[in-house]
Every structure is written in C-alpha cells, then in structure tokens.
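Here we start with a single chain on its own, the form predicted on its own, put down as structure tokens.
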C-alpha cells in the first residue's frame, strides 16, 4: 500500500473514531435522569452509542466509496476481476469485531454488577411457612435481605407492588395506603416488593433507567433512590395481554414535605419518622 494511501486511511480512521466519541458524549437521546441508578446506565449507553456511531458511519462510508470506486464504467461489460484470499483483511474483520464484542461484554457485566444485577438471592418465606421463594433483587441491597443491610432497612421506604391485567397497585404497609400511583419522597431509598397476580409483567420507569420483571408466585425486589421531583411514567414492558399498551401508571416524586402531606391525607395510621 502506498504511503500516501496509508496516511489517508489513518487520518480518516482517526476522524471517524474521534467523531464517534464526540457524538456518544454530546448527543443525548435519553430521557431525563431522575434516579441514582441512571448515571451508571448512562455511562454504558454513551459507550455503546459511540461504538454504534463509529461502525454505522464507517460501514456506510465504505459502501458509498465502493459504489463510486467500483461501479461499472461506460462501455464495460462482463464480470469484474475475481479477487480472493486477502489474509490481512480476513484477520482485520475478525479481530476488530471480536475485540469490540469482548469489551462491550465485560463493560456491560461491570455495569450490571454495579446496578445490583449480581446481588445474591435471599431465601425468605412469603406465602406460607412451607413455601420459600427466591426474591430477585435489582438496584442494590434489599432492605432486610441480609444482616449487613440493617442500616439500609431502617432508611429505605418499603412499598408492595401488585401487577395485574392491566394495572399496577401500590400498597404502603406503613400507613396501610393502597394507591394507583406510586408516591415517593425525593432522595429517599425506596424498596419495592413486586408480585404479579396473573401473568408476567414488567415494571419500567425510563427516567430511572430501571426495568424489572414482575412474576407470579415469585416476588421480585427493586431498589432505587429518586433524585429529581416530578411525574414519571410507569410502563409495563412485557407483553401481558390485549390491553398491554394501556397498562401504565405514574411515579410521583415529591419533596419530603409534599410527600408527608400526601401520606397524611391518605394514611390510616401515622407516618413513622426514620
């Protein structure tokens, strides 16, 4: 390969990589970040978006170049020159995707672990003395799941979530409140214990970057801490029946005083300070 061509290829590759990195860091396609989990997920999204931009622009550029460079010339007939056996090219397009996939896999695993995906399962009776269920934990340590989390169990707000075709119901054991909306105070760790009454549903809040299956007969636990007041959609992200698209609710994140006022107006018992 001539030195001039090598320099041009190197320069174009450098521009492509730097451009892809810039796009990943500066083009924000995600909704508002409103929980402590969101920045961790956003790190992964930026990396994947950068890699995707580099691959998309690079491959489209090669296709356009090939269409122009190797197009049929006027008066030309017959097939092109048969080319095969380029060992360097074979190694390149095998090694590069392998490295990219390995990197993405290891980095995704790290993000998954940091968001609580590798949290060990706790075994606690839920339905009866004879039935022991595995509570799957996502978003951090489950309140009361292990002895080392005793401090967390004091500070977190426990809420029971029931999913059914086609609605979410939220029960606050402290206050004995049943609500069709999820009300939580900003900056307070929340621990949701979720269970389905019929089929598999999914609890998804895009602004929190959290999604958790809700499974019949197997409680799942989702922990998060909201960071910005507002109203955010709760969406069922698992096809659960003919009215799946209408299975939505809202999580209302309020300042502490606003939450206390809502709690007081709906509770059957007084709010216990923690």
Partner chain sequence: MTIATPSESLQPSGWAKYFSFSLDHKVIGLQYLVCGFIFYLIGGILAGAIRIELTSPISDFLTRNVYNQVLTLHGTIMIFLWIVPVVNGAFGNYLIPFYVGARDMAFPRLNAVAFWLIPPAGLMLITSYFITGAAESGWTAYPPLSITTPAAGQLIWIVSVLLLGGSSIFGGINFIATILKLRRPGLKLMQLPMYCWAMLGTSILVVLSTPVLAGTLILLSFDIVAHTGFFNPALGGNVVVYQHLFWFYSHPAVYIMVLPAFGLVSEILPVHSRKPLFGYTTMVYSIMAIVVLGLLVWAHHMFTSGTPPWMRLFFTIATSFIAVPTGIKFFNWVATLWGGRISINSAILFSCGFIVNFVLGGITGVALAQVPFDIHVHDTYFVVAHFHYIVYGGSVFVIFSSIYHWYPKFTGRMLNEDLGRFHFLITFIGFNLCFAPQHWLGLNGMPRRVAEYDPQFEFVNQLSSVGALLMALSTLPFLWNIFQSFFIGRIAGDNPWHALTPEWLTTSPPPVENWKGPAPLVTAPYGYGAVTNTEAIKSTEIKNDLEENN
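Rigid core here is just the name for the largest C-alpha set that superposes within 1.5 Å across the two forms. The structure presented is a predicted model; accordingly, all values stated were derived computationally and were not measured. Residue numbers count along the first chain shown, from 1.
If you look for the form predicted together with the partner chain, you will not find it shown, but the lines that follow are about it.
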query: Sole residue of 111, 177, 186, 169 within 4.5 Å of the partner chain in the predicted complex, by heavy atom; finding: 111
query: Residue 41: touches the partner chain in the predicted complex, heavy atom cutoff 4.5 angstroms; finding: yes
query: Residue contact check: residue 244 to the partner chain in the predicted complex, 4.5 Å heavy atom; finding: yes
query: Close approach of residue 230 to the partner chain in the predicted complex, 4.5 Å, heavy atom; finding: no
query: Residue 105: touches the partner chain in the predicted complex, heavy atom cutoff 4.5 angstroms; finding: yes
query: Any residue of 234-257 that, in the predicted complex, places a heavy atom within 4.5 Å of the partner chain; finding: 235, 236, 237, 238, 239, 240, 241, 242, 243, 244, 245, 246, 248
query: Per-residue C-alpha change between this form and the one not shown, residue 199, threshold 2 Å, rigid core fit; finding: yes
query: Threshold 2 Å Cα movement between this form and the one not shown at residue 80, rigid core reference; finding: yes
